[in-house]
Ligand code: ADP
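Below you'll find only one chain, the form predicted on its own, shown as structure tokens.
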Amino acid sequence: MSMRCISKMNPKRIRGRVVLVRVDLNIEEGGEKNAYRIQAILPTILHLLRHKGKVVLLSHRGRPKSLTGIRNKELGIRNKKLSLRPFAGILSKKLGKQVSFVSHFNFEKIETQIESSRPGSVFLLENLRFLPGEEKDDSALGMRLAALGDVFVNDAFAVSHRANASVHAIIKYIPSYAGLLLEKEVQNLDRVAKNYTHPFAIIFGGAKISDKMAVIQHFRNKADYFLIGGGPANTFFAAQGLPIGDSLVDVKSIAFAKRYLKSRKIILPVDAERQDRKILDVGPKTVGQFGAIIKNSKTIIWNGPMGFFEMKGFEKGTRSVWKAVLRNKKATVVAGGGELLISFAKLVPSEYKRVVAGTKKNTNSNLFLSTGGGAMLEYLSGKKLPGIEVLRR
């Protein structure tokens, strides 16, 4: 069943209407200005503004539920580091117009402020996770949010695997649609998950293997190769009984790794870069082995860097894999996860800028950068994401 999408919506239904747009601004402090997630939501916002809608942006940031300091019902739990205020200025510059930041949760005042504004106005509400009902998928909060607008648009794929009030409960009370980004995410993930061509390679790195196990199981009879680096590789080494010193390992997933040790599809590093008894990157022989497979692949899924790329001297594996992926201009590629996108921007900045800008000159034109990490993995494993399924009904 297809989703309801704003791309198929009559633009006349936007003019003069208040459109609530769930976006994902869950970006760590210091990484706001150049974040791909901000660039990715601009097309939907600009589409709504072109058709004279009033746009109200909803998002969360971090996990403030463990914080203390409840001030009053309007403010909820506060923490300056997790405030969305910095994004109002950033979005104002990118959109070329004022984005009004709403720092409180007095819904009557917010509604009045929106109603008195002109068509084409843009508002950004404070971090919704300051309200306890957000992560509880509270129907009352969903209803209060819905009352602020006429139409709801979900453009936050990265949080669509969570049944949160601003993604799930809200849809019961307001006409709802998928945004342009969410639609692209689903189309591109379906392309590699359902319409893949061989050779088909899945690359896994990052910290844990536990969040990737379901994908390995789902694609075990579909993919040709699983190229394993980072923490997941250490877990396989531990399953083999190899010495890994103090390296990052997912102890709870060792039993899972043992079940796949005899699979010829699992390609593990043959050498590694170490420091202080820790494996921090794949070695040059592994880079060559992985590169040869990537070069001949027609479909590629990638989640998680090959090593501790943030530290000088241990970024070579991830950079080399990026370059191999970018050189393969015939492959259909989906790469996603917060750390992986950060590594792209840091290690191959010129290519990253071309992809983000949409020019893609000298770059794989079939490369899609997914804004989701956990959501991407859950969708690829065949699970139904709450924030997407409600848009299919």
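One rule holds for the numbers: they count along the sequence shown, beginning at 1. Being a predicted model, the structure only gives us computed values, none of them experimental.
What follows is about the form predicted in complex with the named molecule, which we do not show.
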Q. Counting only non-hydrogen atoms and a 4.5 angstroms cut-off, does residue 310 reach the named molecule in the predicted complex?
A. yes
Q. Contact between residue 338 and the named molecule in the predicted complex at 4.5 Å, heavy atoms?
A. yes
Q. Does residue 212 reach the named molecule in the predicted complex if we count a contact as any heavy atom within 4.5 Å?
A. yes
Q. Taking the shortest heavy atom distance, is residue 279 within 4.5 Å of the named molecule in the predicted complex?
A. yes
(Q) Partner absent here, but in the predicted complex, which of 43 to 51, 329 to 337, 23 to 31, 345 to 353 has residues with a heavy atom within 4.5 Å of the named molecule? (A) 329 to 337
Q) Considering the named molecule in the predicted complex, which of 142, 231, 149, 269 comes within 4.5 Å of it through any heavy atom? A) 231
Q) Using a 4.5 Å cut on heavy atoms, which of 223, 102, 254, 207 is close to the named molecule in the predicted complex? A) 207
